[in-house]
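First, one chain by itself in structure tokens, the form predicted alone.
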Amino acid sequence: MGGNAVGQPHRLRFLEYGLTILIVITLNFLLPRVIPGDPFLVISSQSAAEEEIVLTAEQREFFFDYYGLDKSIGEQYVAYLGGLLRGNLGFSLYYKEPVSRIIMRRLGWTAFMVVSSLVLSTIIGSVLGCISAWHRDKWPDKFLFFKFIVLAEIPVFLLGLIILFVFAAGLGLFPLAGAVTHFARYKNCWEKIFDVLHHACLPVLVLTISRMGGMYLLSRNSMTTVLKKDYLRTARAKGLPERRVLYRHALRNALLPIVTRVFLSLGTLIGGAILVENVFAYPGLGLLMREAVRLHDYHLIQGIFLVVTLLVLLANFFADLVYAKLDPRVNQTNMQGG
């Protein structure tokens, strides 16, 4: 009975994830098709803008038949589900190659930016939040609190434009756009790594600053709650050094919501990365998504949205696992609920 009690919440959670994925897949299929216009009209005008050549009605009918877009919505949906079950995300109408291959080329850039900003914002925000809680209502706390409240009110795309104009266009310290220097010949791999990091500095900085405020406030509130516990008063009464009380006792117990927030924030980080990539023309999934929507590339839009959704759900799933691991009371609650 104990095994069934423990397993039932997990089965319910997997059922919830499965239902969420099915709903997302359905919306993912329908939304691109409600965009005004059609992909072949946009592609013809994009590819032949200078020559002013458009596809004839017969040519467009041929492409609609070739890609199966002349079928009913129901038939297209069934074919889409069948392709997903085989691991096929479709074929890009504009780039003329498999969607999975295009996404894999771009996913690495987005992952690098998101992971880098997540690590930096978590470390910096948590440390500053602990310092602020330790000096509660004193000038360090008031200064940091005011600073992060102001930064939290600035939209990420506006923050990106400000930093781009100041450090790239104004001071010329960083490149204006892109992820690497085009047509560059590197003498060794270290030069290439430096070039990649040089281009990534501003996008990662913007995304880090945009998420640092949330980590700071969470760390500050969590640490403030922990500092009021009886066992910390006992530690101080024993004459333990303040640094040991802060880092070994207080910080360790304040980490639970911070660690959980790391995984839960991946979803919002990916959303922020989409905006940042468009500001800096960084070649990740965000820039690719804008291109796909502009070109009405149905299959590419579906593939990007599905991959982003799966990444967010996977992050939430890991957050549940980590939270249950760090706090045994979660498992006890699940067993009682089962």
Partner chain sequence: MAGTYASLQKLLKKCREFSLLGKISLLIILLIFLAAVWAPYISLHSHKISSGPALLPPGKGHPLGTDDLGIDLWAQLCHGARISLIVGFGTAFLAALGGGLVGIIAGYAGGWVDKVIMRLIDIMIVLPDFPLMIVLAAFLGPSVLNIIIVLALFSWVFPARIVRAQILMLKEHSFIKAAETYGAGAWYLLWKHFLPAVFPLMAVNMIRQTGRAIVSEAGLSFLGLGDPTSKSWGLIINHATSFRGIYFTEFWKWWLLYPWLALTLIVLSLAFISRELERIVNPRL
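Numbering follows the first chain given and starts at 1. Note that the rigid core is defined as the largest set of C-alphas that superpose within 1.5 Å between two forms. Quick caveat: nothing in here was measured; it's all calculated off a predicted structure.
The discussion below concerns the form predicted together with its partner chain, not included here.
Put simply, residue 155 is close to its partner chain in the predicted complex: some heavy atom of it is within 4.5 Å.
Interface membership of residue 282, defined by any non-hydrogen atom within 4.5 Å of its partner chain in the predicted complex, is ruled out.
In the predicted complex, its partner chain stays beyond 4.5 Å of every heavy atom belonging to residue 130. Within this chain, residue 321 is remote from the site of its partner chain in the predicted complex, having no heavy atom within 4.5 Å. Interface residue among 79, 123, 197, 162, judged by heavy atoms within 4.5 Å of its partner chain in the predicted complex: 162. The putative spot formed by 14, 74 and 260 is not touched by its partner chain in the predicted complex; no residue has a non-hydrogen atom within 4.5 angstroms of it. The stretch in contact with its partner chain in the predicted complex, judged by heavy atoms within 4.5 Å, is 142 to 150, chosen from 114 to 122, 199 to 207, 182 to 190, 142 to 150. Contacts to its partner chain in the predicted complex (heavy atom within 4.5 Å) from stretch 284 to 316: 289, 290, 293, 298, 301, 302, 305, 308, 309, 312, 313, 316. The two forms, fitted on the rigid core, differ between the shown form and the other one by less than 2 Å at the CA of residue 282. Once the rigid core is used as the reference frame, the Cα position of residue 305 differs between the shown form and the other one by less than 2 Å.
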